[in-house]
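Listed next as structure tokens is one chain, alone, in the form predicted on its own.
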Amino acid sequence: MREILKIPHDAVIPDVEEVMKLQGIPSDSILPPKITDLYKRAFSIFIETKDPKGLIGEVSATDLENILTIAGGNIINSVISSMFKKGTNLALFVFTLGTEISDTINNLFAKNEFALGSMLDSIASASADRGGEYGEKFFLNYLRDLGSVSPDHRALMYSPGYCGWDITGQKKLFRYLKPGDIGISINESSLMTPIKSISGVIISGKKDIHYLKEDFDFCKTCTGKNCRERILRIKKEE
């Protein structure tokens, strides 16, 4: 299976709390009128400029192992390299909000409209996370329709740049999935264009394979701890 996904616009609209967290504002804060107005202006631009698209393709464990293998023939020491063989089904996934919103963010910063640009950037980043969740749900539903998974299976995406998987891992992922079909490219520094794009591997398997312990060396320096939120999201479904 390899499929271009025209993702529903309402599937990638983030909660205000998600956006404010990226702005460094605690979820229990009362937002001052100035921030509320800024959010409304940025959200209006977001609605007008987003163009969500995704591309998903199944990948074998052998091909994924090749993607994860670095120079010298050694597989990277990362969360995904330690767990992908525990999954029953694997897929490569990319998502983008399109060129217009990315260009708009860059233009706002270029015009020194930093507050508005920063708020729009946070909305777009939170929206990209929602795009990843859409890919996870799409893949799991696809497998359910095939009868390939049991009720206790869950699918989560793991991305280059996180949890020990170097950002340069995107290059091999791109060679396999070829996301140029939805307008995503990558440069020599492994940065994607449009900027509001994400990539990764979706692993489907029994939900407890995703209950990771923080016992990797890179966990000691991690400040995001996003894995804890992802695990909590799965547990809330129980």
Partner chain sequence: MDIINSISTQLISGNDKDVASDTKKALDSGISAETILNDGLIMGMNIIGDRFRDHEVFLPDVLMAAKAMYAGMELIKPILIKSGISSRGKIVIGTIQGDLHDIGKNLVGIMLKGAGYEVIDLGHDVSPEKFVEVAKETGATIIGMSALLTTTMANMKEVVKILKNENLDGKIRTIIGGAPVSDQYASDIGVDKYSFDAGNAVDIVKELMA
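From a predicted model like this one, the values you see are computed outputs, not experimental measurements. Positions refer to the first chain, counted from 1.
The form predicted in complex with its partner chain exists for this protein as well; it is not shown, and the discussion that follows is about that form.
Enquirer: Just checking whether W165 would be counted as a contact of its partner chain in the predicted bound form - the rule being heavy atoms within 4.5 angstroms.
Expert: Yes, contact at 4.5 Å.
Enquirer: Answer with yes or no whether A11 is in contact with its partner chain in the predicted bound form, where contact means some heavy atom within 4.5 Å.
Expert: Flag for A11 set to no.
Enquirer: Should K40 be classed as touching its partner chain in the predicted bound form when contacts are defined as heavy atoms within 4.5 Å?
Expert: Contact with its partner chain, no.
Enquirer: Taking any heavy atom pair closer than or equal to 4.5 Å as contact, tell me whether T99 reaches its partner chain in the predicted bound form.
Expert: T99: no, not in contact with its partner chain in the predicted bound form.
Enquirer: Can we say S44, V79 and K236 each have a non-hydrogen atom within 4.5 Å of its partner chain in the predicted bound form?
Expert: No, the candidate spot makes no contact with its partner chain.
Enquirer: Looking at 113 to 121, 148 to 156, 133 to 141, 82 to 90, which stretch has residues with any non-hydrogen atom within 4.5 Å of its partner chain in the predicted bound form?
Expert: Going through the listed ranges, the match is 113 to 121.
Enquirer: Using a 4.5 Å cut on heavy atoms, which of I182, I209, L68, I195 is close to its partner chain in the predicted bound form?
Expert: Here the answer is residue option I195.
Enquirer: What residues, if any, in 19 to 53 have a non-hydrogen atom within 4.5 angstroms of its partner chain in the predicted bound form?
Expert: Q23, I25, P26, S29, I30, P32, K34, I35, L38, in sequence order.
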